[in-house]
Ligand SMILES: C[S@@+](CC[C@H](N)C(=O)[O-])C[C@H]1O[C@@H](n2cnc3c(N)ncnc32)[C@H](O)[C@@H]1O
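Let's start with one chain on its own, the form predicted alone, as structure tokens.
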């Protein structure tokens, strides 16, 4: 999840002590995302376009208050999993997916999304990629987001436990999936998603990498993936 520089940023990632935050923390933190924010709105646009008009089963890993569900078309059957579910529902599972495998009643999915998740999972990254890959239907799509830790504004949100350069994250992801596309969620001078309409509006439909500029000003990246080819 994206956080601005006013949220208590640690000045130096090397000073971090890795800590995995549990339900008591996320029960409060998730409330900040009850209203749609820029990245989530852009995620919904991507998902609706990928699904087209076909019936799809979607799993939202780290769904928080399941805000994404309100932005999806009716042909997409939404399922969510999170460590802290504020409003229980049959299509939501409360589970600590660092302590147990990511799963949802043995279902497989056409689309899986994990946004604002991998910054918090420390050394579990490879394991969670492997688990998600097992839940993807043939021809399915996995969408992941990851913060650009190479941004010119190098403040790091203090609960992050998985800080790495984009090339390292991409390499790990590519061991479990085929990366079909990747592009910035947005570009901003500060390392936070844009709030002003004049900056938000032109960037909502953008799906391009800008040489040099993206490396310095991309806030986060989307990775659109499919199942890795066998062998």
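Predicted model, so just to flag it, every value in this text is computed and none were measured. Positions refer to the first chain, counted from 1.
Another form exists, predicted together with the named molecule; not displayed. Remarks below refer to it.
Partner proximity in the predicted complex, defined as non-hydrogen atoms within 4.5 angstroms of the named molecule, places exactly one of 146 to 154, 103 to 111, 78 to 86, 129 to 137 at the interface: 78 to 86. The putative spot formed by 33, 63 and 116 is fully lined by the named molecule in the predicted complex; each residue has a non-hydrogen atom within 4.5 angstroms of it.
Put simply, residue 58 is far from the named molecule in the predicted complex: not one heavy atom of it is within 4.5 Å. The named molecule is not drawn, but in the predicted complex it has a heavy atom within 4.5 Å of residue 39. Of the heavy atoms in residue 169, none are within 4.5 Å of the named molecule in the predicted complex. With a 4.5 Å cutoff on heavy atoms, residue 98 counts as touching the named molecule in the predicted complex. Of all the residues from 201 to 223, none has a non-hydrogen atom no more than 4.5 Å from the named molecule in the predicted complex.
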